[in-house]
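In structure tokens, one chain follows: the form predicted on its own.
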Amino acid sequence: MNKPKFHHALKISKDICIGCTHCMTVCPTEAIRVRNGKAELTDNRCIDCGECFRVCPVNAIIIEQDDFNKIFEYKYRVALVPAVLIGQFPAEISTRQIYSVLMELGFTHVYEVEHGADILSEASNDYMQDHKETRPLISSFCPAIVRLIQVKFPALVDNIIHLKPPLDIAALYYKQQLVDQGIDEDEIGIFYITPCAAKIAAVKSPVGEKQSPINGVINMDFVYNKVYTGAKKISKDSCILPGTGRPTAESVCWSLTNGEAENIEGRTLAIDGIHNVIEFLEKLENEELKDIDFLELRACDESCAGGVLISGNRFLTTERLKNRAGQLKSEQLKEQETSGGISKYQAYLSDHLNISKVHPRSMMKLDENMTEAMKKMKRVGEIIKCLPDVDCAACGSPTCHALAEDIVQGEADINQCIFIQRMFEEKGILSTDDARGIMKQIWGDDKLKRNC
């Protein structure tokens, strides 16, 4: 396949990796193999969900971010802040303090991403009405889910709503309102503080868009530590809050599980956790589920509150955001911004809200040529019958089925199966030295040299 590869924020440091298979066994799309004692990533399978990052015992998997100093390439530096950043801080640290520290770090403007949710909520319900023939429609909010559907459930790509997420809406709005103030667009830098790797990948190579309106991405764990340290030194009364207004009670919880679904009309379901989502999509693909209008699918447990770059506890973060939403609702606060509310730009944003068709990138496709693909599929079935079906991963592939596919694609050999090796040794087809050499290619020399 000659399709361009996805950008990936997840990187594997070969110098640190010990080839333990933790990452390989949890990967939901079987994007990782072990070769020569090190984990290797298959680009077109990886969806940047970050499950490998969570389980790596030696921190060999890293999430790349833009150099923070990149913000100073712009005269006007906007920090797009998701609500989950604020939700990580204890009650004694106010939103005013958080914003003030961000400005001390170098940003000239701070704006909460969730402001864009109010525009999206209305647009999503209109979209639902205009596309009644397609059910269920699937949220485009989580980029890891969009990529999951592309590579693992390609038959469902047309169910994805073709609307930008709140992040892009907020970026478009803030840049445009600065331009309307007479600021040169080239002097404006929009930077997103991300809770996950998938959003980095979405900014660098967006699906359904030619280019993201965001200029850079900064990892949330990096920012959290700096803000937490700085906020404790600032008095709540002395800090300066930039004129950004406040998001609505509904939008504050948009990035949490069920936060989006609650704002969509019809029968909606919210499912979080990548493996839960896969199980549900398999049922959907098999037409076991009916009469569902909308699906809010999120890769992380507790949605963005459980992002891999979140420093705080996801359950406490969720509780704090719900409390914040309750406070906003009880005070009946209206959005009032010194630079003009986002609602004033509704017409402009509506004209730029749609994304283009999302195309499938099936990882199951063994060949672009249908005839060749059928031949390879038949060969995979024949090989699987010879394998033990124990999914031990000793071959360097996550499952026996994955090994069979790797063999057909010329990326592995059936002798890599340790059970086949033993059988071949007993029959004299394979020598002990040959078997050792095969295992060395998979697991590296160090593991085979260890003394008991």
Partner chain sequence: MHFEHEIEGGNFSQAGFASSEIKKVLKQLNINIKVIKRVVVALYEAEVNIVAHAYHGKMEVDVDTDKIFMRLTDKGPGIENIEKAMEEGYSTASTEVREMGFGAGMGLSNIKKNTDELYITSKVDKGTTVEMTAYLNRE
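These figures come from a predicted structure and were not determined experimentally. Numbering follows the first chain given and starts at 1.
This next part talks about the form predicted in complex with the partner chain, which is not shown.
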query	finding
Contact segment among 222-230, 293-301, 148-156, 169-177, judged by heavy atoms lying within 4.5 Å of the partner chain in the model of the complex	148-156
Glu282, heavy atom within 4.5 angstroms of the partner chain in the model of the complex	yes
Interface membership of Glu262, the partner chain in the model of the complex, 4.5 Å heavy atom rule	no
Residue contact check: Asn286 to the partner chain in the model of the complex, 4.5 Å heavy atom	yes
The partner chain contact in the model of the complex: His401, any heavy atom under 4.5 Å	yes
Leu269, Ala373, Leu105, Ile183 - the one with a heavy atom within 4.5 Å of the partner chain in the model of the complex	Ala373
Listed residue (Leu366, Ile86, Ala325, Met128) with a non-hydrogen atom within 4.5 angstroms of the partner chain in the model of the complex	Leu366
